[in-house]
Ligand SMILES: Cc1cc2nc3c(=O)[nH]c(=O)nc-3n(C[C@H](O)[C@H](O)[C@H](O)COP(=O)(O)OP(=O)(O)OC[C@H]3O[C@@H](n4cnc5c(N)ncnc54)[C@H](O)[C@@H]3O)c2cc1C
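Just one chain is shown here, as structure tokens, and it is the form predicted on its own.
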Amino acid sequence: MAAKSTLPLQRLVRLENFGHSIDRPAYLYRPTHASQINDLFTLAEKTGSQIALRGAGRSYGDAALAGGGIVLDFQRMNRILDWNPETGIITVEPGVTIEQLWRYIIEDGWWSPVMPGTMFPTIGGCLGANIHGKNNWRQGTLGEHVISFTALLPNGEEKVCTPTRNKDLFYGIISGMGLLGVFTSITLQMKKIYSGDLEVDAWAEPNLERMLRATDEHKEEDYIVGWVDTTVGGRALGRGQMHSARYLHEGEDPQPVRTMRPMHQDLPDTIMGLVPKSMVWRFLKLGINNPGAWAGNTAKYLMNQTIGNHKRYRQSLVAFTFLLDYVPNWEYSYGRQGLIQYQSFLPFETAHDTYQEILQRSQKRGLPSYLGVMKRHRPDQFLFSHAVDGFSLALDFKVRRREHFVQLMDDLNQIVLAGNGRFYFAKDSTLTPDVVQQYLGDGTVRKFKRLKASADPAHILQSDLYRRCFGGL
């Protein structure tokens, strides 16, 4: 502790995760240029401190927290370094956000091939977690669209990495949760589009089996996602609404210049031109309980089953992609203890029985999820891969009766492992070293240790997630 006293107290702040369920004190630094990062590595070594990397702080878990340590916030390293509107190749600093990216490229007829459900994360954070979107089966993860990146390692080296050059670092730093190195520039390939709109199809499915089947049968669409009612039981367990979408082909949009303008994409600030969206989370808070969630999910399902079934319509790319951004600060509606998102990935063969048990177990404990999102996935080559040839189910839980909640999460982890499932560090706040060892496998853990020993021999890069998940390995 004496060594750490040399860090300036004016930099000591309290940081939270996105779900406001975890907070930690840390010394916050916000570099503006890559040259400052090596100085901060040296500072950490001199003071006996560790460093965690933070983009926009959108992780649901503790990946961007470092209790008592140093946190590097990269939101000032947010410059677009190069853009070629002919080829769709762009080079950015790690603090560029998804929103900056789409606003910069869309009028030239380009879109990111992989997008998260919110536009506010940084590109560096998205690649650290190796995010997926509603099109993982078709387009893979964001890391699969990286041409190259430059990274600074805590050992003092600067590395240019591609899928063939410094290959192990390429597949390790992407997905590595900021534990091996720091992105300083990233070059990605964007996707050509001919409209700012998608053609969307929405319909209801009556139970978990049908939801999984629909997610698989429509995986050749450009996008497919299922919104699962996690509160109902019996024969209707896992029912919900499906959304599929496809890009419009060249010539299908009569006004492509208009639809690809940012003004067409901007989400409205009000509901029906009357109620400011900034106030909506306060009203949502009234329904974030077991009876309210059941009523809301039931009403939504019945409406989609009747008037909305297989309703086809055109929707802007932003409106379809970033549904989480419709209601600003929606996460505050979960109350003082916040929320935890629990996302598991199951192979095709075990998904139905495993997800059925997960939903039944959480309902039986009186701690049901209030939102479920289902996607189709494919495997990838990245070190901390979360993907399988199968499905994922992301569940939002309100944190209450914390000791009961922890026990439920432990039970769900064992259920997922029994189904040969995997987890996603960006959403995790419950895994323990034994669970991590089982799902990653001995080979992956050994490879990570070798890369860590080479790139970061002093173990400077240590987030709270690292300490929790790898502290005993």
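Residue indices: 1-based, along the sequence shown. Bear in mind the structure is a predicted one, so any value in this text is a computation, not a measurement.
The same protein has a further form, the form predicted together with the named molecule, not shown here; the description that follows concerns it.
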Of the candidate stretches 400-408, 434-442, 23-31, 53-61, the one with residues having heavy atoms within 4.5 Å of the named molecule in the model of the complex is 53-61
Is it the case in the model of the complex that 233, 239 and 358 each bring at least one heavy atom within 4.5 Å of the named molecule?
no
Checking 228, 340, 177, 190 against the named molecule in the model of the complex, the residue with a non-hydrogen atom inside 4.5 angstroms turns out to be 177
Looking at 333, 259, 166, 118, which has any heavy atom no more than 4.5 Å from the named molecule in the model of the complex?
118
According to a 4.5 angstroms non-hydrogen atom cut-off, is residue 368 in contact with the named molecule in the model of the complex?
no
Could you confirm whether residue 44 comes within 4.5 Å of the named molecule in the model of the complex, counting heavy atoms only?
no
Is it the case that residue 122, even though its partner is missing from this view, gets within 4.5 Å of the named molecule in the model of the complex, heavy atoms only?
yes
How about residue 376 - does it come within 4.5 Å of the named molecule in the model of the complex, if we only consider non-hydrogen atoms?
no
Would you mind checking 176-191 for residues with a heavy atom within 4.5 Å of the named molecule in the model of the complex?
177, 178, 181, 182, 183
